[in-house]
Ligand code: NDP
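Take a look at this single chain, the form predicted on its own, given in structure tokens.
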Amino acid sequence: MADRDFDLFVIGAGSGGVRASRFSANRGARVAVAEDLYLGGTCVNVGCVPKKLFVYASHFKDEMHEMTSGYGWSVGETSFDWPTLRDNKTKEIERLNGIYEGLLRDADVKHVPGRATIVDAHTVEVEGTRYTTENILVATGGWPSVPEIPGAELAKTSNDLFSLESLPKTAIIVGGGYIAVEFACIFDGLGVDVTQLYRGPLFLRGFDEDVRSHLAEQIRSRGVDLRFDLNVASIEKQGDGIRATLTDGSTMDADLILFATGRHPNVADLGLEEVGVETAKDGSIRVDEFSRTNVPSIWAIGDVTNRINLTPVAIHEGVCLADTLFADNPRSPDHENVPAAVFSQPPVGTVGLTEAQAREKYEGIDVYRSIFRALKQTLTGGDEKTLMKLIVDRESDRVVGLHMVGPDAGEILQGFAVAIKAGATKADFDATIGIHPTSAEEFVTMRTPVGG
């Protein structure tokens, strides 16, 4: 409405909030976005992007070993300098922050620095200034959770790891999600002595069982001390480091303890309760299929809704919201067959159903699985094994799940995700000529099911 300051006021300038802002403005809306930390949100600043840069750095030790052990290369003395990696990463993130600023400016979106709170269904306050708006979008993401145990303040979260003054010699990683797994592998690759603890019997809950068990074997073979059914009960200062007392009564000393024990919706002090926005027990904002809350003028997307907490999903939800509000094209986000990767060593790629989910959904399935040593390993004497797995609905012949643990899994899975999304059948896979010699060709050459 013309008598309000904006048509859309977005709280949170992460990937989802920025995309919703830009696309709404491109459709003719008057848009503002408030951010109290950093443009680009978690992914750009303390998540996907800097983490992947660290993953690249952590691969070098393996690459060097392979080239010198079997491929004829020899190198002189080598060393790793943590400040160089850290500071170069920071320069890249600052560059990306500037790009996000430019994207908002070019789309004619008003950037309002500061913490925003919702005053009423059509009013937002930032740093003492109030703005009226027809619609409010909450896109404030998530924040690391820290368990309430004695000495928890001595531990780090994933937010802290990108700016450490020095690289620890020993580290305890607590958690079993993808963030814990990735940082355990990053630190291990950079030469840190790593122990990973998880309170459950096997990490990466929600992933396919074969993926979980295979990755655990591979990570252990790299030297990570992986311990399940074990957790930290308390932490205390011990000289220049810290001592963790574990739930079995034993103790461990380390230079650093990371809690990667989950994230929670970042909803503190937003004013949601005051305006009557419904939230779930975990704090996530309840929304309908179009990302609308129970308050008609207030919407929410991304991790703060705790649907599928991935950056591309938040971006997709932002585009759908812009179309719904300002393009006369109501669109509900599509959360089916969303591909994902874990940038562990070796990495994981997955799309579609796990075997357990498929057995629950379909009357009959065929499972195809292959475990092999990649060609690159044949000259190095390495024992790293790649896992590939297809899950097929027997009645329709559709491939309903595809999973991989092995080099370049994320890159390989992106293309196969298109096929799964398009409804490809096992016959389509079988009819596709493989690219030889590659690991990816295994997905189109598996002919004999191993289970059904």
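A residue's number is simply how far along the shown sequence it sits, counting from 1. Being a predicted model, the structure only gives us computed values, none of them experimental.
Just so it is clear, the following notes concern the form predicted together with this ligand, a form of the same protein that is not shown.
- Contact check for residue 343: a non-hydrogen atom falls within 4.5 Å of this ligand in the predicted complex.
- Though the partner is left out of this view, residue 182 does reach within 4.5 Å of this ligand in the predicted complex, counting heavy atoms only.
- Taking the partner from the other structure, this ligand in the predicted complex has a heavy atom within 4.5 Å of a heavy atom of residue 198.
- In the predicted complex, no heavy atom of residue 218 sits within 4.5 Å of this ligand.
- The stretch from 278-286, 372-380, 169-177, 186-194 that comes within 4.5 Å of this ligand in the predicted complex, counting heavy atoms only, is 169-177.
- Checked against this ligand in the predicted complex, the candidates 89, 110, 156, 263 yield a single residue with a heavy atom inside 4.5 Å, and that residue is 263.
- Contact annotation: of the candidates 310, 338, 327, 319, the single residue with a non-hydrogen atom within 4.5 angstroms of this ligand in the predicted complex is 310.
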